[in-house]
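Only one chain is given next, in structure tokens, and it is the form predicted on its own.
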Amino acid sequence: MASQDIESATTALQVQPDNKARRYDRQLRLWAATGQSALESSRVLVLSGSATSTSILKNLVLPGIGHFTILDHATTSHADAGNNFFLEGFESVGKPRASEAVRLLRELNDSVDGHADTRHLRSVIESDPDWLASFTVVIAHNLDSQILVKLSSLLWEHPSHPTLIVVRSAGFLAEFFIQVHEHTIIESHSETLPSLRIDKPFPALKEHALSLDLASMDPTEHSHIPYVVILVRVLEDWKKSHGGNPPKTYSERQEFKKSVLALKVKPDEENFDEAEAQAYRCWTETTVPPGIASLFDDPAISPEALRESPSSFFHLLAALKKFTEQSETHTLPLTSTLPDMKADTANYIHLQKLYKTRAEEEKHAFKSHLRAPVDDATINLFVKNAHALHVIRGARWDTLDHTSLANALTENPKAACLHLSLSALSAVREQSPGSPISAEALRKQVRTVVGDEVELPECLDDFVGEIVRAPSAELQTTAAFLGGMVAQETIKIITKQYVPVRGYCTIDLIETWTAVIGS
């Protein structure tokens, strides 16, 4: 089964990776050099040196972020020493928690710069807001509700301010929320492959398919014709006898599949079996995917908005819209990426060259619609991933309205009750600092939020009970799980690859489930 140019593959194997490539080999396969470069240029601020915060940082330091700062005015307590792997036990007790954690975290990766800041967050918000805005991402764990509201409002003031990730946990329960103004994604790594455009073949592909003399072809060569070529050929023959139309009805489609298999000269020709399995591509019209078509109506690509926008993404999106409108097929630019298929090397490479030549021609046409300078590497990425672009416009933290909460209680009662319980804990702590947390106080606060007319699910008592049992407990298992999840979402934000979670991601490690509300 051919998958790539053999010459280029063997040449690539002869190139010895440098130290960085060896260190980051596995993650480079996930987000490539562009993602790694974004990580190494990032600045991450973490508010508090808690066990959860250091677990998140561990999973950011290891893949190689550029810089991190822990802002925490607290000194290390005995409780901290007992649950935080990035403190030296009792030796750290009484010392600044931020300094102790930074020292040990830096040992994980000597290429990452780490800094401890022991100022109080409240004073930083009031006296040095520009410093907060200088980071790429700000992560806040279990902040007091009052100061969290101030921080959220400050970072929401301007679209250029950093993304805020709010994390809350108590015992085995947790949630996080990503506050982001606007987030554009080119490399979403969608599982949906770009169209091969079999139903609308470009001239060179059509000519190649029709030029093959299948009847007199050598049996070995016959068994290595790529399924793309087979389908284009059979479809063109079908159209000649059906008024230029592809198969439409169920019976016609079954007949079409039989005509594909009828071309076999040997029963074990897997390429024809593959063609029969992929036959749906012949009657599935290649169009602009609905998600991309909706982006063409985005106000950000209006001429007025583009004149003010420094974002290359929206200039590229505007050019993509013009390309699809003016192209003969009204489709996205062709990509040269081909899936694996039953074929020998010669046939596969020939097909690959046909697609690559056409893709270059369409990319050149696409570039003619650009009205702003964009580097070639970005253009190449954009065209390659044009079928799976995303624009996310988020919301400020803690803006889940009454209607959304009521809907969440109906659609996903467990997740909604978990969110309400953690929110109630923050509110009760603010109202009665230092007082014991009671189930009655939490239920009263939840009722205040949702109103008297909303019926609360029975599962609310389970979450309230867990929070009363451990309102301030930071469990190592919860910290480790949150550390992985939040770091993963942080990397998505920094690299602008993959699609981050939208809404409140709730986590129950008692029944082991996660769910999102308010997305």
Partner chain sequence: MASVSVNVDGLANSEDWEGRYFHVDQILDRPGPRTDPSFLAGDKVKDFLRNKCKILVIGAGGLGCEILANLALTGFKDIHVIDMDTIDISNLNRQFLFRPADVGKPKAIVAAEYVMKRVRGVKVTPYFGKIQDKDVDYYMQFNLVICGLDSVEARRWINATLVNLVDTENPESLKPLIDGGTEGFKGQARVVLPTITSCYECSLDMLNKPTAFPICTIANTPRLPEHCIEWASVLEWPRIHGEKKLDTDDPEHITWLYAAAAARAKEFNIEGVTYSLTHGVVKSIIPAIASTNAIIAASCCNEAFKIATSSAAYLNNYFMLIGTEGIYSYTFEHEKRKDCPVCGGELLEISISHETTVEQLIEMLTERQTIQIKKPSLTTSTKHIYLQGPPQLEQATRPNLEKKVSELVEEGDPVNVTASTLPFTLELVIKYT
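Positions refer to the first chain, counted from 1. Note that the structure is a prediction, hence the values are computed from the model and not measured.
The protein also exists as the form predicted in complex with the partner chain; that form is not presented, and the subsequent description refers to it.
Judged by heavy atoms within 4.5 Å of the partner chain in the predicted bound form, the contact stretch among the candidates 446 to 454, 40 to 48, 461 to 469, 65 to 73 is 461 to 469. A residue is said to contact a partner when one of its heavy atoms sits within 4.5 Å of a partner heavy atom; N84 meets this definition for the partner chain in the predicted bound form. Proximity of Y250 to the partner chain in the predicted bound form falls outside the 4.5 Å heavy atom cutoff. Not displayed here, the partner chain is kept clear of K384 by more than 4.5 Å at the level of heavy atoms in the predicted bound form.
The partner chain is not shown here, and in the predicted bound form it never comes within 4.5 Å of any heavy atom of S519. Of the residues given (E91, E221, E304, E207), E91 alone sits with a heavy atom within 4.5 Å of the partner chain in the predicted bound form.
In summary, among the residues R371, R393, H402, H78, the only one with a non-hydrogen atom within 4.5 Å of the partner chain in the predicted bound form is H78. Here the marked residues K356, I491 and D508 all reach the partner chain in the predicted bound form, each with a heavy atom within 4.5 angstroms. For the partner-free chain shown, Y498, V499, P500, V501, C505, D508, L509, I510, E511, T512, W513, T514, V516 of 493 to 519 come within 4.5 angstroms of the partner chain in the predicted bound form, judged by any non-hydrogen atom.
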